[in-house]
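What follows is a single chain, given as structure tokens, in the form predicted alone.
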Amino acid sequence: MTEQQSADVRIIGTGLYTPPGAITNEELVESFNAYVDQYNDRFADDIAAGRIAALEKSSADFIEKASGIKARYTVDREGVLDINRMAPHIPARDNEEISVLAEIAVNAAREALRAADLTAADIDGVVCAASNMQRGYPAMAVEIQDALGIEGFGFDMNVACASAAFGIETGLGLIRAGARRILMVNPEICTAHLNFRDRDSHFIFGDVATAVILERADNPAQTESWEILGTRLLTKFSNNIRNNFGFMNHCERETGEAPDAQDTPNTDKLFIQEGRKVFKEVVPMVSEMINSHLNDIGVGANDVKRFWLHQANLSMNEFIARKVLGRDANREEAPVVLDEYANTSSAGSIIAFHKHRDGFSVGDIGVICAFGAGYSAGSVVVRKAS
């Protein structure tokens, strides 16, 4: 390991909000298979005539083998499991009430503030970095800022599943520009953009919110802290992960009819992906980014105690760790929360960091790495400071 650069910004607190509604693979499959039976019975004549294809059932074993996921949390368990709905039911709130996305972000932020032994008066700005924003404006970050009573500023940013890494880099830049501390939050209601009637993807996502507090490293350390040795960001356009829902959708007009408009949603307005292509293209992109980043800041891969990777797919994470280390990583070196939380988009790597950073001594190094649609990827190299 060569000489490392000094760090001027550090992480001093994290927070996690987990919704109370958990759904196991077995429960999700029971609902999905009941829908499949209903669909195939309803269109038995069309299926027999070859006009449409029969739907195929799923299984808990198939889901775990394909992804490593065993369960997920959601803001509305009942709506997801209802075979006549198969989507979370999130009632509209009055404009004077806090929005659902802001509410879960505030819960995570309050935990981060407690962990850092800080109050709202100690924070200068809020960055809301997430894949799924509840609205175009007012910015979610400004609502979160208001709910917490933070003076200063707030703004939103979306770089899909890599948003947390981009949010940390943005917070770092704001602190270097003069802010004392920045709160970066990742509220994700991913189940709202998921097609629960698609066998290949209905199991992928869960809901959660995370928070990270950044501050100048020359402030006196009050609590556990992690110096940021370096950040690296990367984007490359790809259609292989996509969600076309946006503010202009109401202007679009669809032509033609599916066999049943109710049972066949306009799927490109929900999450879609070419999973095999994503795996083939993202694994080398991310592993090469991590290796080059570590090399540039003078850290050897085997000097990294832990990799907190985005929780998208177990096989993908294992391959990335193997390419970086040149060998298989154990669960302590590359912890997994995917089995319990599923893919939580921007929050995944932060959940891993939040829950699995015990056992570090001052000077030990870890890597927070997020990647996803875009393609987008970001790595944050941290060193335990106190």
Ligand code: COA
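If you're wondering where the values come from, they're calculated on a predicted model, not measured in any experiment. In this text, residue numbers run from 1 along the sequence as written.
Keep in mind the form predicted in complex with the named molecule is missing from the figure; the text below concerns it.
- For the named molecule in the predicted bound form, the listed stretch (356-364, 59-67, 320-328, 43-51) containing residues with heavy atoms inside 4.5 Å is 59-67.
- Remark: all three candidate residues (I204, R276 and N313) come within 4.5 Å of the named molecule in the predicted bound form, counting heavy atoms only.
- Contact check for D122: every heavy atom lies farther than 4.5 Å from the named molecule in the predicted bound form.
- Heavy atoms of I241 reach within 4.5 Å of the named molecule in the predicted bound form, making it an interface residue.
- In the predicted bound form, the named molecule lies farther than 4.5 Å from every heavy atom of L214.
- Looking at R197, you'd find every heavy atom of it more than 4.5 angstroms from the named molecule in the predicted bound form.
- Proximity to the named molecule in the predicted bound form, defined as a heavy atom within 4.5 Å, holds among W226, F271, F166, F307 only for F271.
- Taking a 4.5 Å heavy atom cutoff to the named molecule in the predicted bound form, the contact residue among I144, C161, A209, L183 is C161.
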